[in-house]
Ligand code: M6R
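Heads up, the chain below is alone and in the form predicted alone; it's given as structure tokens.
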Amino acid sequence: MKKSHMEIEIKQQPQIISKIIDAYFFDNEKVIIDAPDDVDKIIMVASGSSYHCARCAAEIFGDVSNIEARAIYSSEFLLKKVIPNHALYIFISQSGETTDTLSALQKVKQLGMQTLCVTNVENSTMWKAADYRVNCLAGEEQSVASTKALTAQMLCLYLLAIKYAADKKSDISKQIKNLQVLPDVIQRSINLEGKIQTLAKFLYKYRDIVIAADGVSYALAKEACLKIKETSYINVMSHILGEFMHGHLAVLNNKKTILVYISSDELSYSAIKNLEKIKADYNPPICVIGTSTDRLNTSYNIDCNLDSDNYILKIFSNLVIIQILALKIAEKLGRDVDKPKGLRKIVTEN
């Protein structure tokens, strides 16, 4: 059977990750990337999968480089009457042509703020308009559902966080080690395809899928939700687990509902207690992508078994796992993953 573009592009990711590291990380010690110095606040503006990238990167900037960072949807940003001054504004778009993100960039430029774009297309409208530019080097992405471009965007923003940490004389030895092993981590995650397909065969029959997470993994929950929706057209909900406990869990009264929890770090005490309570009160099947615990009676647990305290490598691993999961669910349902009905690769006014 002919492979879809989505599958091909997922499996290109180890090589793309290596290419980005070779392009922007020199002599195993220094990140050279087109970006301003002396940044103490970052605001990232994006839509769709690129927003999920930004949301995840906001946590990484704070942790790795101690820079205040936040993410906002492009369409919501355009509605704001007041926007923060003295910040670096980063605009993220696979195509560099996303209409609402471009409009947000123009709004910021009119106010004289510094702008940086992360895009997969040099000489795109966004590339030409921004003050600073980062090519995520993923190559042409043909599938509507973004996979390799999203992972590449994530890595470029991680490299930027490392650059700012190094500029502050922070210890980046752990980050350097991460970059050295990241291509292998991506490949090991792809090698879990058989286990992921088994989970997909279990999930595709459900009427409702709830994908929950805490902290930095919530961005991955939102991305998993989007990927499954746009490739399979089934109802998937994403929630912060703690917030899910405030009324939303009533959906579990529907016996055709399954809970998938995404964890990029050791499960917190509160997460374990919440999942145990859900199991006791509703007894839905619970599947965990990433780190789990023997305390939970899970139906499935798919994990690349990385160092449990290295959440950044876990983020990249879990991102690839959810891409493959969306692909396999869609294939089981007989969907055309490369051309989802009613969707286009680039969201424009037309």
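Nothing here was measured: the structure is a model prediction, and the numbers come from that model. Just count from 1 along the sequence shown to find any residue number.
The discussion below concerns the form predicted in complex with this ligand, not included here.
When you look in the predicted complex, the only residue of L275, I196, A145, L105 with a non-hydrogen atom within 4.5 Å of this ligand is A145.
Proximity to this ligand in the predicted complex, taken as a non-hydrogen atom within 4.5 angstroms, holds for one residue of T125, S95, Q175, Q114, which is S95.
Annotated contact segment (heavy atom within 4.5 Å of this ligand in the predicted complex): 42-50, selected among 320-328, 285-293, 42-50, 62-70. Proximity of L226 to this ligand in the predicted complex: non-hydrogen atoms within 4.5 Å are present. Contact check for D214: every heavy atom lies farther than 4.5 Å from this ligand in the predicted complex.
Shown alone here, E230 lies within 4.5 Å of this ligand in the predicted complex, counting heavy atoms only.
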